[in-house]
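Heads up, the chain below is alone and in the form predicted on its own; it's given as structure tokens.
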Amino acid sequence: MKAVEVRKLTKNYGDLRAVDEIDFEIEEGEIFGLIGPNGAGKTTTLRIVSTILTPSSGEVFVYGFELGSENDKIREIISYLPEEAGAYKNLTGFGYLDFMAGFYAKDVHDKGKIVEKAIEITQLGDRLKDKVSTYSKGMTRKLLLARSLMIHPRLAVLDEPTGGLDVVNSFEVRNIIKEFSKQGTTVLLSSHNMLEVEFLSDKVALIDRGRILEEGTPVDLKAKYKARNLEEVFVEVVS
């Protein structure tokens, strides 16, 4: 079974076509990167897959569940991290994770296990005792990523997971994502940072103006276009 199947997906905002009949598939356990410039349709696509937006037309299946008729079942097995996500600044890092775990846990014991996993993911140590308002952007992003992954979702949808982070924090976040992929979580992520996605993704789709222009593994795409990196591939494809 495919983790994600997208067929002829289209989203219109009035006269603007944000997503234009795109198709792609994601294998279970794969890290799939949707890459392109700002305004290309990446975030819209991720929000549709996450059941937040309703498509104008087309079909989406997440582990066999059909978008539209089985949204509740899809929401049970996915997590979504928006690019602009924030945490409650008046809570401590631990308090935030404990609060969020309460929405998913079956009982007190289960909640403890979820929070314990989240603490491990954050790698923030004693700083979890401090209020989120004192955190750097990198620390906040790790906290939010932990919130997304602590329930071991079958599909993690991550919008610009390292957006605005420095080199060290970006490196750490990428490693967290890779580790969860090894443990069986499928990842659909978006980014305009093509070089970063090249290091992270098993497969990528290049999207611009709502259309997928090319798809494949980074190695295959670079070979096909005789390019040194995905940025060069993208420039070649759009030109």
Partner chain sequence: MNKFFNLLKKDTKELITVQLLIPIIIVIAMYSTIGNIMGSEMERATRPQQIAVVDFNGSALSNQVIDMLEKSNFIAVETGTFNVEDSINFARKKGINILVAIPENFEEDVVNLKQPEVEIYSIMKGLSVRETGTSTQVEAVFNVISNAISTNLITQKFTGIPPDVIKQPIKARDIVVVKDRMAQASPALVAQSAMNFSIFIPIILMLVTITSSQMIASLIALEKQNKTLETLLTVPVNRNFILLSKMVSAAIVAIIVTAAYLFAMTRFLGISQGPQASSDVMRALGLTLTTGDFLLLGISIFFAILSVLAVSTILAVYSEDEKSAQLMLTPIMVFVMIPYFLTIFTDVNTLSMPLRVLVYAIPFSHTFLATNNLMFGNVQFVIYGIIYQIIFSFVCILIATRIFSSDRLLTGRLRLARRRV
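Only the largest set of C-alpha atoms that superpose within 1.5 Å between the two forms is called the rigid core. Positions refer to the first chain, counted from 1. What you see is a predicted model; the values in this text were computed from it and never measured.
One more form of this protein should be noted, the form predicted together with the partner chain, which is absent from this view; the next part is about it.
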* Is there a heavy atom of E76 lying 4.5 Å or less from a heavy atom of the partner chain in the predicted complex? -> yes
* Asked: With the cut-off set at 4.5 Å between non-hydrogen atoms, does R174 touch the partner chain in the predicted complex?
  -> no
* Asked: Does the 4.5 Å heavy atom contact test between L213 and the partner chain in the predicted complex come out positive?
  -> no
* Is there a heavy atom of E84 no more than 4.5 Å from a heavy atom of the partner chain in the predicted complex? -> yes
* So which stretch, 44 to 52, 60 to 68, 197 to 205, 28 to 36, is the one near the partner chain in the predicted complex (non-hydrogen atoms, 4.5 Å)? -> 44 to 52
* To do: Report yes if all three of F94, G125 and R127 come within 4.5 Å of the partner chain in the predicted complex by some heavy atom, otherwise no.
  => no
* Structure fact -> Only hit among L165, A156, A118, M100 for heavy atom within 4.5 Å of the partner chain in the predicted complex is M100
* Asked: By the 2 angstroms cut-off, has the C-alpha of H152 moved between the shown form and the other one once the rigid core is superposed?
  -> no
* Is K131 one of the residues whose C-alpha moves 2 Å or more between the shown form and the other one after the core fit? -> yes
